[in-house]
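To begin, one chain is listed below as structure tokens, in the form predicted on its own.
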Amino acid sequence: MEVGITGLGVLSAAGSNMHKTLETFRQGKRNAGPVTLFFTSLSYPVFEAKSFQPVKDQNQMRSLGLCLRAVEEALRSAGFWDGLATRRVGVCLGTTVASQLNDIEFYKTYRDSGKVLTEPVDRYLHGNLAGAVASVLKTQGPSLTVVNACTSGADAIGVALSWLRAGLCDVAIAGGADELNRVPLCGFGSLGILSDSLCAPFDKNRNGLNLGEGAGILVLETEKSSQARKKKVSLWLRGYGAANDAYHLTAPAPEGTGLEKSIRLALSEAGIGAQDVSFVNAHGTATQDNDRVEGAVLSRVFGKKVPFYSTKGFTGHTLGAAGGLEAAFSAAALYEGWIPQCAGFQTLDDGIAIAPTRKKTTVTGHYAVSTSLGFGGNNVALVIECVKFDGAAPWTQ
């Protein structure tokens, strides 16, 4: 079963849509700063989606608002101007923050007075990403929210791919969304993996990640469905691989066994070899453990000359949204024929032995790999193919 990527939608600190995001990548701009969304005494820089103005709806979580905005762009770019009412549409979305009742005021009020505020609970119950999006769009098909740490968005894309191949739906909205929130900021700070400066993925002097927020959405569609509506398709989702290290709650296995297995599974499903891959959009969080392990695996699987980079220097680590955003970025890079610099990288780490891109780099070929790693030992790889035709880019301006 051939599955095309017919629409892309993104929202992050790098831009309010794909067109603006690519311009940010071209210019090498890094839109980070102190937290403004909530009060905190922590001074870590973050990547807020400043362009996003939430609707005045007290019952809508920020994560859902981010998600709906990216879904809108993705559907528009896919050409679904007349809605989805006549199609079997699945919705599979990943998140971490939106899966938590993370309203600190709720807990503070309960602790201090014994009273329960119902508004945060209602907001949480109405904030199930897949259920809420399916309700807004009135879709008729499977619906699932994936909560699998920082591979959630990539896993959601993989699940949606399986639905389409199994004939459960003809179109699927897949990806992830997460908001900046005090709970993960404090949590990652307590783990000692937040940087007090802008992150530097794969750099010798990296000292931790920056948190970000956003949403990345793909519209996936069977070839039969796209042909029926005369939609030309240049991007295809060819492979999904997932494997768990079963090593540690927060650290990857030192040898990267799970990551390597997930990449090889995705390549096998796509029917290609490592030599066919034009570039890798790496997870690249700028933590010591992640970048050392991921760099070693990429070198072992693809060799020392494969172009690779991390976009977290432009978006921050968007947690459950990261896999969706980076899959969309990979698809756009294949179509455009270039990848951005790995923002923040300056000095080669001898312990990694391969270096990411230092500048905007032209790429050729048809295949890209996007990797995602998460707490609990999760590892995911996606393979995307581009067979470009003359016509408009598969996203809107």
Partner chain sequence: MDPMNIAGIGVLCSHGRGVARFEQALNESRVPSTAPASCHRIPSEVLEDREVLWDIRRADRFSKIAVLGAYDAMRDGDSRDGSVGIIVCTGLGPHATTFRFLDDILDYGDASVSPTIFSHSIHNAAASYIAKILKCTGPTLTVTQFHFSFQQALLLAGAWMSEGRCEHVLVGCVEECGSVMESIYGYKLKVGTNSGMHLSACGNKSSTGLGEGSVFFLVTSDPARRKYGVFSDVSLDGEPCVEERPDLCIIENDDATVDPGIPIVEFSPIFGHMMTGSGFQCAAAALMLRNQVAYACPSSDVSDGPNVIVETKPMAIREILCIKYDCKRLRSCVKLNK
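Worth saying up front: this structure is predicted, and the values here are computed from it rather than measured. Residue numbers count along the first chain shown, from 1.
The next section is about a form of this same protein that is not shown, the form predicted in complex with the partner chain.
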Taking the partner chain in the predicted complex, would L101, Y124 and C186 all count as contacting it (heavy atom within 4.5 Å)?
yes
Interface check vs the partner chain in the predicted complex: of N207, T222, S143, S299, the one with a heavy atom inside 4.5 Å is S143
Note: exactly one of Q346, T362, T40, Q27 sits with a heavy atom within 4.5 Å of the partner chain in the predicted complex, namely T40
Practice task
Classify D203 as contacting or not contacting the partner chain in the predicted complex by the rule of any non-hydrogen atom within 4.5 angstroms, answering yes or no.
Solution key: no
ask   = Quick one: does N17 come within 4.5 Å of the partner chain in the predicted complex, counting heavy atoms only?
value = no
*asked:* Is L168 near the partner chain? Define near as a heavy atom within 4.5 Å, in the predicted complex.
replied: yes
According to a 4.5 angstroms non-hydrogen atom cut-off, is A149 in contact with the partner chain in the predicted complex? yes
Here the chain appears without its partner; judged in the predicted complex, the stretch of 76-84, 279-287, 155-163, 302-310 with heavy atoms within 4.5 Å of the partner chain is 155-163
Across 106-121, the residues having a non-hydrogen atom within 4.5 Å of the partner chain in the predicted complex turn out to be F106, Y107, K108, Y110, R111, V116, T118, V121
